[in-house]
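Below sits a lone chain in structure tokens, taken as the form predicted on its own.
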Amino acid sequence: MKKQKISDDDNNNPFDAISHEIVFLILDHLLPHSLDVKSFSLVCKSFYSIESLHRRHLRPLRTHHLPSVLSRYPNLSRLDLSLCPRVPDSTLHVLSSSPSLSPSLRSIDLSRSRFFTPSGLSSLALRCSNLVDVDVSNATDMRDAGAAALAQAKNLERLRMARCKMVTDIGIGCVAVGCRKLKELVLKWCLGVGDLGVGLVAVKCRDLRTLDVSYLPISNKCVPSIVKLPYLEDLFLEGCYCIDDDGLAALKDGCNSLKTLDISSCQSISPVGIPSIGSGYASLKRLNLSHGIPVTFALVTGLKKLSMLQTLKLDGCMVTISGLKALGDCCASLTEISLSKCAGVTDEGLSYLVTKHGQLKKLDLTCCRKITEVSIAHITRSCTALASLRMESCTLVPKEAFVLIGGRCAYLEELDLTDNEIDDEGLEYISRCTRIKVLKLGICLNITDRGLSCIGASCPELIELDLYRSAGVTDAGISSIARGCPNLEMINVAYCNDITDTSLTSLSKCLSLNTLECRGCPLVTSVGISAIAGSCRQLTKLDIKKCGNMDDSAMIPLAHYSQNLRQINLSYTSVTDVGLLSLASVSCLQSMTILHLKGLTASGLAAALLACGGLTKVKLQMSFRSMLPHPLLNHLEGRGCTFHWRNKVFQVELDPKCWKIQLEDNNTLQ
């Protein structure tokens, strides 16, 4: 085991005697927490050096510092540039010519980057010989020449090209010929790719395990080639409207290793084609039929032979009682069922289904508006091992039913009760689910601080809490959550009108907090945000829209302490040019929404936009478009910033109860 040399000058530093291997083990446990790693590297010079040698993954915010960064981290194998909006060829040339990086680089993510050309991609592919993973999703300007450049990476195993809409069969043909070792290929929304390109991939890339051709204009012609892939495990055909029953029937003649099949939104598939799935895919574990044909007795009968099926998604489908009952009598291995926004889900069918599938771990009943306490009683009696239950807008479920959830489903980790009639008694029972990590209580007008105090006292593992428009919540309830849930990472108290700075001061004790949404809280001021900024150093997303008392004095501490802040919404606040300009020191800031700021001038806005060098998305009032100099806008867009111009008229906020009535009226019309 290699040890650090100890000189006479370093006798007082015991850390120098620790072997690299032991320190590497310590760093392995710190990797998920970048702030901890940074603190670790600042302990002493030897730790700084060892951390540099240990790091394998880098996710920079800018590309212009890469040369110096690469010299510090010689053993990088994964480079994530998704936070860098501008990655020109010069950057890719620097990466590929680096003597330390080019032989060790195995993965690069360019999924949100622009401005690179085939020249840069070619340099990367040719010089980084061990590159196995490339993501160029959203490269909407990339054409066949760019795909041909990537095809020179002969050892590539994973290639994601989602939304590369200018690439055609010619470019994909180059990839198929050049990248014979591909195991995963994502072509979702590559609208220029058709049967010829997909067929070539299937013929040439025999090791494919995952193929995503969702929303491609392909037909049954390419199916015979796909079915001959000997190791294919995951096939995604979502939105392939030209694939019909004949194509599905052809699939059953091969793909014996298939484990995942997604044919959601395939409008040309009818009930006649479904039996092909049941007879052809004995090893299938995950099936997605969402937004497709009605779930009837005949359809489900065609799935009876799928004895290994674990996940079934039927979101947005019309379901019948007989269909749900038939589903209860088959697919005995099911652990996850999704019925989100399925019309026709009733107590009779759902109760039978869950009674037969007591082993369920995940159940999604979002917007199943016809179920009542009868369904909840059967779910909680039969599916006691549930880890995730989503039942947003199940408006006929009475408050008494939520007592059953807390009393019987002790293993719940995720619970979505948005827009339901749950009250404090229900929350008291829900607090018995001590493992719960995600709890959504938005638009629950019957809950108060008393119910939240029970959650805070009994659910220490809670990391996400949504209280959107739950108007009965005040500072006392939030303080209870802050005391009892120290690992809280996300909280939404938007439009909880009685929330004040006291709540934010309490939440400042949750040091892992990264997302705070408190829009529409008129009593919150700069004092509360200052407390959050001073303590919650991992804050990445802040929404203070319609907090009228929020002014420039809140921006100063954010600029000083919140160096990880990436997204902020300042619309309808009292922030002026001064506050906006102060945010320029937040190097991570990428997204900014600034609508209806009365104290904002064109010159102040221009200065702030120019100073915030990392911006990738800005939402602005349309009136500013003619006020800002065109050369400035062109410069910012060239830097990688996208502008979204809005002409939204100021809207007076409704009372929470009036707002819910309006929401229910809209749902009825739908």
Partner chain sequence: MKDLKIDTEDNLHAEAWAKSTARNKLPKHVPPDHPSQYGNFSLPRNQQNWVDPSVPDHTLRPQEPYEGFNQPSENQSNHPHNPSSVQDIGLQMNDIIEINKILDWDPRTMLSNLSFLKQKIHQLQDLVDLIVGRRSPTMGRPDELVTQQQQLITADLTSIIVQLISTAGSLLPSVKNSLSAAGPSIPAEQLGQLGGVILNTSSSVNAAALPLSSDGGTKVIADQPNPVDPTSHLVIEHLDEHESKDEEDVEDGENLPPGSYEILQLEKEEILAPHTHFCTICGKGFKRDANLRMHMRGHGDEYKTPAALAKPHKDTGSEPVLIKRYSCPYVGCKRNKDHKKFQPLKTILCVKNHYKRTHCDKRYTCSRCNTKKFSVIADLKTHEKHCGKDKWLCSCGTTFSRKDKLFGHITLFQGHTPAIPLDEAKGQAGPSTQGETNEESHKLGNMNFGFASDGEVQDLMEDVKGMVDEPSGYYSPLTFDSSNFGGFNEFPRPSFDDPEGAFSFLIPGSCNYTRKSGGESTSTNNLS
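Numbering follows the first chain given and starts at 1. Since the structure is predicted, the reported quantities are computational estimates derived from the model, not experimental observations.
Another form exists, predicted in complex with its partner chain; not displayed. Remarks below refer to it.
Colleague: At 4.5 Å between heavy atoms, is A282 in contact with its partner chain in the predicted complex?
Modeller: Answer no; every heavy atom of A282 is more than 4.5 Å from its partner chain in the predicted complex.
Colleague: Report whether the minimum heavy atom distance between R483 and its partner chain in the predicted complex is within 4.5 Å.
Modeller: Because no heavy atom of R483 falls inside 4.5 Å of its partner chain in the predicted complex, the answer is no.
Colleague: Do G197 and its partner chain share at least one heavy atom pair within 4.5 Å in the predicted complex?
Modeller: Contact with its partner chain, yes.
Colleague: Can you work out whether S119 and its partner chain are in contact in the predicted complex, taking contact to mean some heavy atom pair no more than 4.5 Å apart?
Modeller: Contact check for S119: yes, within 4.5 Å of its partner chain in the predicted complex.
Colleague: Has each of T380, G406 and R435 got a heavy atom lying within 4.5 angstroms of its partner chain in the predicted complex?
Modeller: Not a single residue of the candidate spot has a heavy atom within 4.5 Å of its partner chain in the predicted complex.
Colleague: Can you pick the one in T525, S102, T346, Q152 that has a heavy atom within 4.5 Å of its partner chain in the predicted complex?
Modeller: Exactly one listed residue reaches within 4.5 Å, namely Q152.
Colleague: Let me know the one among A148, L363, I376, I274 whose heavy atoms come within 4.5 Å of its partner chain in the predicted complex, would you?
Modeller: Among A148, L363, I376, I274, a heavy atom within 4.5 Å of its partner chain in the predicted complex occurs only for A148.
Colleague: Which single stretch, out of 589-597, 470-478, 189-197, 155-163, brings residue heavy atoms within 4.5 Å of its partner chain in the predicted complex?
Modeller: It is 189-197 that comes within 4.5 Å of the partner.
Colleague: Within 4.5 Å of its partner chain in the predicted complex, which residues of 120-141 have a heavy atom? Give them in sequence order, or say none.
Modeller: Heavy-atom contacts within 4.5 Å come from S122, L126, D141.
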